Every structure is written in structure tokens, then in C-alpha cells.
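As C-alpha cells, one chain now follows by itself in the form predicted alone.
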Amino acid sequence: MLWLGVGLFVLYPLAMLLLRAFLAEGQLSQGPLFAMLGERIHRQSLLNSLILATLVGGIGTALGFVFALAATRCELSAPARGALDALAFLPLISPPFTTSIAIIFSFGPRGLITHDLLGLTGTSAYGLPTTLLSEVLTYFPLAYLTLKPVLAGIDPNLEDMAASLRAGGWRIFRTVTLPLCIPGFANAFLLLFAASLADFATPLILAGSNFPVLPTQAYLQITGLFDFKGGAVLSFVLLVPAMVVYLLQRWWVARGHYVTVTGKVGPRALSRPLPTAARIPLLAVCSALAVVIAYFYALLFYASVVKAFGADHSFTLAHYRVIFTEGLKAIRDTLIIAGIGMPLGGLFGVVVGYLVTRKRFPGRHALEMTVMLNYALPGTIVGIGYLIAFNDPPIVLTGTAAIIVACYVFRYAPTGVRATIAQLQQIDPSLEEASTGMGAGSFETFRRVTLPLVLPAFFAGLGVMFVRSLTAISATIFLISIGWTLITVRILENMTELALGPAAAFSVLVVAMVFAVTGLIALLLRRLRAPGTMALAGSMGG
């Protein structure tokens, strides 16, 4: 059954997309590819996409490293670390183009900074600089999440040995710390490169006609020209650098030349704090970036409670009345789809992670690779593939909630798969072997022993599914219909119609809902893992 679902919702859409791109008059042909790349706009879009992704990867990785250094080597207090984490993660739990709204409010023709503060007129908030700023702010937390455990995992004894040889602080940092972070740098850069390459909403809002990128061109090819073949060809062009990035990422992860923590028992020193001379500029950069993020989201909230930002700043709740009347269907549809997708995605992640970790069967590694495929592909490719695959017989799902739920489950459940695999690798298999040795079957052992032990991975999958259900746009923009729509789509529609007040109100609502639900999930997990509760969970039904 797992292979049937994975084949239907991962391999089949990708195969149909490739067939649509290269099948001409019943024969495979490279003609459509050469025809599309023969157009200057598409060649320029590919080049622009690679330039933007490279800049986002480089700048975002540097900022993520600065934040990681501050969190691990500056001896911050617990409240300071909490504030740093909260502000860093805020862009990750809001729609990816939320900062675009704040950038327009700040740097547009009537922007708070350009017009009100600097007195400039005729300014434009569109182009490469603002698109780069928005994507860097949105995705640098991925680099922070990647590099923080890398820095925390470096054995301080290595740095202490260098210090005992009379190496200075800068030389220790340059010759010991930085080289040990190289795999983390590579992973962070590749993650940000792939995220930027897949982002179509931010460039659609901010890049403008002077800086076209490939994902937006594929989107406009389908929605504007109704050219499915052209959209499929452009998606294939986007697929090539995406797959190169994915393979490079796996290659770096597989490298094992930077191990500093082994199973040998021995004293472990505390991490070496940075000297004061290094902390001051480091914390200054972090504080400045945190202020920018806080400013953007405060501005977003302010714009949601005034009549017309830049023209009429009188207080009003009219924008919230709009989203809870005209936008109520989008809110309801989003919550219904999230409510269905959360348990399905969480359970799917746990089951697949359990099978590939604890069971031995032919195709085990192939199953893991295939499940991860949709997660690695840009959302534009996934969305166009689903649209082509399920728009015509024999399987017609377009216009239904099922296609959106399936897209979410098979695109974002791999996060739960990886979390489950990581957790099971820390659990001694003898616990499950003891259960089977006492006569319990595989399903009973899984339900009463394994599942309670991997609850954190299950709830991590639930959290990711909910966040993505409220914030994803690149894949699902192709799958909405009159019957089913999403909050992120309504935000994008409001942005393109210059209804910025309702767009800001929708964005504030999404952030509030994500904070509320993820907080409830964390609270529920803590209660389930309280002393005595795990034993109760394991004995339920027995």
C-alpha cells in the first residue's frame, strides 16, 4: 500500500510532467525544450534564478552562521537566546512572501522609509535588491538551524589543544573552528539555494518585469497562456539545477571527515566563548537583523489595523472584517485541509521511518529515496506535475480537496520520516525485540512500544504539516479551484490587486494561528511525555 501511494503521488506526476514536456506527436523529442530555451526571456529567467539563488545561499548562510555563533559562543542568557530564536524563526512560520508586503510598505512610492522618512518620491520597491532582501530574511533561519548544532557539536578539547600550543583566538577560529564547520556551510548553502530556486511567490510580487525568474515564468506559462507543455518544459529546466543541488547535498551529508564527537568516554570541556572584541560586532549584527525582522512584522500588524497605509492612518478593524467575511471560505478550507492532512502526514512519516529503520525488505532504500523526492523538488514542479497528472482520466482529482491533501502529505511528510529515523537510531532495538519475544505481533509491538517512543517525531510531523498547510504556496497555487481555496492564495490575490490591508490582516492571522497550534502541540507532547504518562500510553488497549 505504501508503494502504491508513493508511486501514485510521487512518481506518476513526475513521469507525466516529463512526458508532457518531451512527447510530441506520439514520439519523444527534444524540440519543445530547444524551442523554449530559444526564447531570450526564458534563458534570462534561468540565469536570473541561478544568480538570485546563489546570492541568497551565500548571504543567508553567512547570516545564519553569525546567529549560530551568537547562540553558542556568546554566553547569552536564556531570555536572550529565546528572543533570538523567536525572531529568527518568525519568517519560517509565516507565508514566504509576508516580508514582501512589509518591504512594499517600507520602500514603495508611499513607503514609510522612502517617502515619510527620507522624503523620496517616485521610488520603486521592485527588482533584484528587494527580492533578495525578502528571500534572505525568509530563508536564513534554515542556515541558522543547520549551523547551530554543528557549532554546538564541535569538541572544545580540539580548540583547547590549539590554545595550549599558544595559538591566538583568531587563529584557532580560522584553523580549527571554521574548517570543522565546512559540511554545515555546504548543507546550509545548498538548502538556501534550493529554497530560493523553488520560490515563485516572492519574485512574482517583488521581482517585476525587469528581473524575471524561471518559477514565475512557468506559472505564467500555465495560468496566463494555458500552455501546459511550455510550463512542463520550463519545470524540467528548473528540475536540472534542483536535482544537482539535491545530489550535492546528499554527497556532503554522506561525508564523514569532520567527526569530533566519538563514543569514547572522556571529559568534555565547555565550549570556548568568544572574546569580548569579537562578541560586540557579532551581537551588533544579530541585533540589527532582529530589529529589521521585528520592524517588518510590527509594520505588517500596523498596516492591518489602519484604513490605508500611506494615505489614511486612522485605526480600523475593517480589514479583519473583510477576511472573516469575504475570506472566511479560504480560512475554513485551509483549516479543513490542514485538519485532514496533519494526522495523515504525521502517521505516514512515522510508519515509513519505522519500516526503513527497523525492517529489512527489498527496495527499502529505494522507498526512502522516493519518499524524499517530492520534498527535494521545487514546489512549482510538484504543482505542475500534479495538475498534469490528475487533470484528465484515468485519475481526475483537480478541483477537489483530495489533491491538495495528497500534495501536502507526500511533499511535507518526509520531515516526519527523517525525524523518526533519527529518533529510532537512538532507541535500542532490544525494547521491541522483548515485545516480540513475549508473543506480540509486529503491529501490536509498533502500536504499544514503538509509537509511544517516537511521539516527538510524530508531533514534529504534525507541526510541519500544519505550518506548511497554512504557509505553502508554490505547489498548491496550481491545485486550487472554486470549490477549494487557501489563505496563502487569497494573500497573493490581494497583493496582486493591491489590497494590501486585507493581505496584511491575513498574514497576521496566519502567524497567530501557527503560534497557537504549534504551542498546543508542544503542550500536548509535554503532557504525554510526563512521568507515568508514557507507561499509560503503552498500556492503552491492553
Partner chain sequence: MLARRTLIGAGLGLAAFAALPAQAQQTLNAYSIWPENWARPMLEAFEKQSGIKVNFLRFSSGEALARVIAEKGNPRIDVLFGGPVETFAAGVKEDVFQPHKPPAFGELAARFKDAGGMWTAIADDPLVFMTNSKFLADNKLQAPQSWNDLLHPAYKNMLQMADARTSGTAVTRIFSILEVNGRDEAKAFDFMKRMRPSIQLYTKSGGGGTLPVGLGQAGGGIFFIVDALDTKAKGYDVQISFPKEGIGTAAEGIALIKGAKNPEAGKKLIDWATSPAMQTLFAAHKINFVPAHPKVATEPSLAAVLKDAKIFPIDDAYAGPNRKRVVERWVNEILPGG
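Predicted model, so just to flag it, every value in this text is computed and none were measured. Positions refer to the first chain, counted from 1.
What comes next is about the form predicted together with its partner chain, which is not displayed.
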Completion exercise
Of the candidate stretches 393 to 401, 368 to 376, 86 to 94, 286 to 294, the one with residues having heavy atoms within 4.5 Å of its partner chain in the predicted bound form is 393 to 401
Problem - Contacting member of 477, 59, 66, 510, with respect to its partner chain in the predicted bound form [4.5 Å, heavy atom] - result: 477
Problem - Of 225, 438, 117, 277, the one that lies within 4.5 Å of its partner chain in the predicted bound form (heavy atoms) - result: 225
Exercise for the section: Would you please decide whether residue 54 lies within 4.5 angstroms of its partner chain in the predicted bound form, comparing each non-hydrogen atom pair? Expected result: no
Practice task
Answer yes if any heavy atom of residue 221 is within 4.5 Å of a heavy atom of its partner chain in the predicted bound form; otherwise answer no.
Solution key: yes
Exercise for the section: Spell out, yes or no, whether the shortest heavy atom distance between residue 48 and its partner chain in the predicted bound form is within 4.5 Å. Expected result: no
Practice task
Using a 4.5 Å heavy atom cut-off, state whether residue 75 contacts its partner chain in the predicted bound form.
Solution key: no
Problem - Residues of stretch 464 to 492 in contact with its partner chain in the predicted bound form (4.5 Å, non-hydrogen atom) - result: 477, 478, 480, 481, 482, 484, 485, 490
